[in-house]
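A single chain, nothing else alongside it, follows as structure tokens in the form predicted alone.
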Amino acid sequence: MDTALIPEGVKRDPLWKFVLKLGPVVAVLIWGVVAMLLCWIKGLNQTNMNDYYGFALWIWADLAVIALGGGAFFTGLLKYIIGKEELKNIINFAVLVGFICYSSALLILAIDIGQPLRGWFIFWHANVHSMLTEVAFCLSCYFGVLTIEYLPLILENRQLDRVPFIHNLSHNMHEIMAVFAATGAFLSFFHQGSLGGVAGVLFGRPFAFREGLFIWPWTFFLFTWSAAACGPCFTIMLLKITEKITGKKLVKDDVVRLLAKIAGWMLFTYIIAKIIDTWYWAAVTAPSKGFGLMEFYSNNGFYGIWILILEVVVGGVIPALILITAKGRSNPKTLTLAVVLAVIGVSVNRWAMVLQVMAVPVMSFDQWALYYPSWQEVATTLLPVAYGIILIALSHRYLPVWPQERELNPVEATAGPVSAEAAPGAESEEETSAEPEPAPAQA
């Protein structure tokens, strides 16, 4: 039964080996579920959040996965709206990663509110003056869009696709997917921006406060920009990890390089805007509130100036310069380094805009507040990570996520898996033997 569900023409591990490999991940998942139930049954006293840290590790994780899930809306925009057809070979995986990130974000929010059965209050008793209301609406709606985009992939399972109705349904959904891609891009622009806007309007917290355009602080646009830049980098990073674990080449290099190039230029322009924003904030905005730059960075090292350097230079300038150069993104090692650094950079940005905002003393009698999460917070933060690994593993095993897998691994059906390095040569040999006459040369 298990073998019958695996896509045709590809090879997967025996079921026992697959289950054995997922064993440690399932253990982490169970640990997270136990912590989640403790938070729901006993309350938020299971956490180390307090009056200083009403937003803590969970909200950082929530903002981080939403930013990293931006690869789904931006890749969909590039493929369906702008017309980058080459990205059709990675769009399935981008949607899968986005689905995991946004479902994880909603799960984190369900834990954070403490009483998930009252989650519907967000919609029925909406605070129309709060940007978080708009975030809740857009998050929920965009998760619905991602579910619709992920559903055809499920319906194309080898056995389900044999049912005529299901086959026609998945085909017709693909035909109108551009509508959902456009809707997802529209929704993502607003909720990504509003998450930044929440921090930018905190005039009582000068570390986060920003001036802006009309009613929108600069952080509104910077958050959307960074998600569009770093989301595809996260998709590429997970692709490289998946290829390493499976020992297979899953997407052609030219597709990866195209997405990396676009993400690189997005990151390059974003980091310029971020540097300008930081300079203006440090030179104009903060002094107007009575603060100097170094007053926002503690002497104890925990919230030192190294955070700003890590975010802007290590996680911004360096990966941007690598990705915008053909040599940098063509080298597998530098490409992997660049996407990892970009993911770290946007995660540090969200960390600073959640936790450092709360830590900086704003009153003369205040002092730096340090925060250490409880094990329940750590476990429930790792819960979505374990869930994501399991969903990627199941999708890789049973769904046609990779349109180019059979082409890049042509001999595995008879001779077992081939390495990523051997795949291109095997592909060329197969194509040569299949065509008795060479194709005419193209200019």
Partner chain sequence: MKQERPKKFGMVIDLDKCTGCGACLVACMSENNVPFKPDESDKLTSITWMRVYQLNNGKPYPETDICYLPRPCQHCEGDHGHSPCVSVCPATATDYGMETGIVSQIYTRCFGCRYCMAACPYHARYFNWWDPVWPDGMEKYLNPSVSVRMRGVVEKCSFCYHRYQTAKDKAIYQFAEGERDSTDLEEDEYQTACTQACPAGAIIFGDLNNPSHRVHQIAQPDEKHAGRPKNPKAFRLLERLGTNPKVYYLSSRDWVRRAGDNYLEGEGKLKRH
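Worth saying up front: this structure is predicted, and the values here are computed from it rather than measured. Residue numbers count along the first chain shown, from 1.
Just so it is clear, the following notes concern the form predicted together with its partner chain, a form of the same protein that is not shown.
Although the partner is absent from the chain shown here, none of Ile241, Glu243 and Pro400 has a heavy atom within 4.5 Å of its partner chain in the predicted bound form. Heavy atoms of Ser330 never reach within 4.5 Å of its partner chain in the predicted bound form, leaving it off the interface. Contact annotation: Arg118 falls within 4.5 Å of its partner chain in the predicted bound form, judged by heavy atom distances.
Using a 4.5 angstroms threshold between heavy atoms, Val255 stays clear of its partner chain in the predicted bound form. When its partner chain is considered in the predicted bound form, Gly83 lies well away from it, no heavy atom lying within 4.5 Å. Figure note: of the listed segments 53 to 61, 400 to 408, 66 to 74, 27 to 35, the one touching its partner chain in the predicted bound form, with heavy atoms no more than 4.5 Å away, is 53 to 61. Checked against its partner chain in the predicted bound form, the residues Ala185, Leu308, Leu106, Met358 give one hit for a heavy atom within 4.5 Å, which is Met358. This chain is drawn without its partner chain; in the predicted bound form, the residue among Trp351, Phe291, Phe190, Tyr297 with a heavy atom within 4.5 Å of it is Phe291. With contact defined as any non-hydrogen atom lying within 4.5 angstroms of its partner chain in the predicted bound form, the stretch 162 to 183 contains no contacting residue.
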